[in-house]
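Next up: just one chain, as C-alpha cells, the form predicted on its own.
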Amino acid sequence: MSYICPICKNTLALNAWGNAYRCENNHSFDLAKDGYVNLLPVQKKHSKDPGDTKEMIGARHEFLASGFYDQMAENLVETIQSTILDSQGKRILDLGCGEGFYSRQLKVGISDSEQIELHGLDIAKDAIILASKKQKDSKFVVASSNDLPFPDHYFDLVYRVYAPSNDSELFRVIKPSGHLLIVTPGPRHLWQLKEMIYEEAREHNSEGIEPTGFKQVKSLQKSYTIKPDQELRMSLLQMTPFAWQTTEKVKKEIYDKDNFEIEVDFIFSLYQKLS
C-alpha cells in the first residue's frame, strides 16, 4: 500500500522501520500506534479540529452500537457483496467513515472478507482514532474528501453514507467500470423528529444528482421504524444536523415523549464509472 503525499503529490512509501510514510521530497507522516496515518497537513485545515466534534462522534458511536441501523447496514453489505462478487480485485473505500461502524459491518457481513483491502477515510481525527482501534485489519487515514491521498484508479468500489464527496476525486480514484455507492436520507427519514423541531416539516428531496462521470445502475429505498429509549433518542438527535436547530424546550419534549416511534428512510444509489 502506498499513499499520495498531500503536499507534493508524490508517492508515499512506508519506511524501513514501518513507523512513517515518506515521499522523495522527505515529507514524512507518522504511522500512529493504532495503525492510522494523518495526511491532513495543518496548512490544509480550515479549523483546529475539522469534522464532527467529539460529542457528535460519541453520540453516533453510542446510537449505532444499539443496533437500530443494523438493518440499513445489512442492505449496504448486500449491495456491496452483489456488486463486487465477480470482481477480481476488492479494494474498497469507506468515504467519511466516521468511527467505522459501516466498515466493521462490511468486514463481518461480507463473504471472503479476508480478500478485501478496506480503507476508511474521515477528516475528523478523533473518529479515525476510534475506528482504527476497533478494526486492526483495515487501513484508516485522516484526510479530506476533496483531496484523496490515493493513487489514480485504485479502488474497485467507494461507498459513502451521508458524507460529502468530490466528483472529480471520486472519478480519479475509482477504477474504470468501478462502482460508487451513495446512501442518502429518504423523503421521510426521521420524520417524527422533524415534526417536533420545525414548524413545518418537509420531506427530504430524494432526487439524487448523478455524479459527473458515472451512470446510475441501481436504486433501492428501505424504510422502517425504530423505538429508541430516551437516552438513545438524544444520541440520535446529537448525531444529526437537527441538533443545532433544536431548542432546549424541544429537546426535553423529545426526551419525555412516551412510546416514541421514529421512521428511518434510506436511499441506496449505485453508480458505475464510465470508461
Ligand SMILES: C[S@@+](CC[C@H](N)C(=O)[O-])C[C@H]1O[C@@H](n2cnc3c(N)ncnc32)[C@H](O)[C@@H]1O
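The numbering used is simple: start at 1 and walk along the sequence shown. It should be emphasised that the depicted structure is a prediction, and the values quoted were computed from it without experimental measurement.
Not pictured, yet referred to below: the form predicted in complex with the named molecule.
Peer 1: Which one of L106, V161, L193, L118 is close to the named molecule in the predicted complex, taking close to mean a heavy atom within 4.5 Å?
Peer 2: It is V161 that has a heavy atom within 4.5 Å of the partner.
Peer 1: All three of T225, F242 and D265 touching the named molecule in the predicted complex at 4.5 Å, heavy atom to heavy atom?
Peer 2: No, the candidate spot makes no contact with the named molecule.
Peer 1: For the chain shown here without its partner, which stretch in 170 to 178, 122 to 130, 108 to 116, 76 to 84 has non-hydrogen atoms within 4.5 angstroms of the named molecule in the predicted complex?
Peer 2: Selected range: 122 to 130.
Peer 1: I'd like to know if Q71 sits close to the named molecule in the predicted complex, meaning any non-hydrogen atom pair within 4.5 angstroms.
Peer 2: Contact with the named molecule, no.
Peer 1: Is there a heavy atom of A143 no more than 4.5 Å from a heavy atom of the named molecule in the predicted complex?
Peer 2: It does: once the named molecule is placed as it appears in the predicted complex, A143 has a heavy atom within 4.5 Å of it.
Peer 1: Examine L64 and determine whether its closest non-hydrogen atom to the named molecule in the predicted complex is within 4.5 angstroms.
Peer 2: Close contact exists here: in the predicted complex, L64 approaches the named molecule to within 4.5 Å, heavy atoms only.
Peer 1: So, in the predicted complex, is Y154 in contact with the named molecule at a 4.5 angstroms heavy atom limit?
Peer 2: Y154: no, not in contact with the named molecule in the predicted complex.
Peer 1: Pick out the residues of 50 to 70 whose heavy atoms come within 4.5 Å of the named molecule in the predicted complex.
Peer 2: Going through 50 to 70 in order - heavy atoms within 4.5 Å of the named molecule in the predicted complex - the hits are G51, D52, R60, L64.
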